[in-house]
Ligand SMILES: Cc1cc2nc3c(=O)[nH]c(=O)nc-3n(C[C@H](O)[C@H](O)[C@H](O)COP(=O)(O)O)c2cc1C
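Coming up is one lone chain in structure tokens, specifically the form predicted on its own.
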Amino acid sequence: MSARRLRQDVDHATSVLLLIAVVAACVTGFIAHVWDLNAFTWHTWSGYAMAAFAVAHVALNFDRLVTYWRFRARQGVRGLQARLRDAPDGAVPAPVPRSRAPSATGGRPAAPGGRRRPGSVTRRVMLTSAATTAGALGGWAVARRIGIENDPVGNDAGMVYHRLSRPGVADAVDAVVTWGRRPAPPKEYPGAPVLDLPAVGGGAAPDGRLLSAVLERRSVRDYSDRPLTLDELSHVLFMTAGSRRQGGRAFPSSGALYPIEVYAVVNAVDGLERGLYHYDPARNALRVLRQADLRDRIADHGLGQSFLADAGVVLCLTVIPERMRFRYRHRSYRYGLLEAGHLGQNTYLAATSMGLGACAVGAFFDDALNDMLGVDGRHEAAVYLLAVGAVAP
């Protein structure tokens, strides 16, 4: 194999590897930007590889670069000389004719001597430019879609997921996409030994009301016209998220940091005007945020689920990740959702033990609900709705 053929093979291989490194750098850079990964090793090494292959590419094509810039320099000198001529009838030298003859490698015009014409656009230049542009535009578009660009608080993986999982066009696609076969609940271990436990209701049975609440708990979507009493609302809120006299709250919290806030959309409660309230667990009190009839709005924001307007009250749970982020970083959002689940079960048991009905809702339009609550969806965001009301006969 001749040295010239070997150099051509190395040159083409370097071009392919350079393109791969450019694409990898764009993709990993996009990931690092969206997820705010300041020390993303894959992006770092992709950048190093791109730089190395770029240097090799320049070295292998150095003679072409020198020829191109000499050509441009001669053209510039000739143009300057033409402009400096004093003779009014001095003719400007005609440009150097470019060869129209097809090259031996595919029909592209070639320069004398078989070399590629200076200034021509090659396929690898076009592909590299397209990949770089696509990566930059893709990162910018997704960052705007999830609303985290230039966020001074920082962007953890949980909040990125929170923004991306908002109801939208993707839900329409999900409805027609098969995500695999549904597994049978609960999980089974055929052939494993079975140990029967003592019957529930024996000597270690809990308080009868608690046992009944656990056994009778269900999601209720049909509510009567009877308004809740202020006493019922007080007990539901206290058993959901209240502060105990001996310290702590009515639910477990990671690090006792309590990132969940409770808002109450009052639809029908004796002694209270309809409107939006914030629950103060330390005083077991409500703070008035807005007095207005929000029944239609809460139903619309809950994807048109009308029972949200029929319930006596709808508890809106929000999470403030910054309360945990300094300690748990990317796990903060996960812990916040777990905590919201604790409060939700408390609401179910409290309502059931009092003869009321409750229903949890996770499907809602995030931006609209956040706007109604007066939160920004970043520093504080709605994650759960809990309707509570008198059960329809």
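Bear in mind that the values here come from a model prediction, so they are computed numbers and not experimental data. So that there is no doubt, residue numbering starts at 1 and follows the sequence shown.
If you look for the form predicted in complex with the ligand, you will not find it shown, but the lines that follow are about it.
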query	finding
Candidate from 81, 133, 219, 306 lying within 4.5 Å of the ligand in the model of the complex - any heavy atom	219
Contact assignment for the ligand in the model of the complex, among 26, 340, 359, 356, heavy atom within 4.5 Å	359
Interface segment, criterion being heavy atoms within 4.5 Å of the ligand in the model of the complex, picked from 46-54, 361-369, 62-70, 328-336	361-369
Sequence-ordered list of residues in 339-353 near the ligand in the model of the complex, where near means a heavy atom within 4.5 Å	348
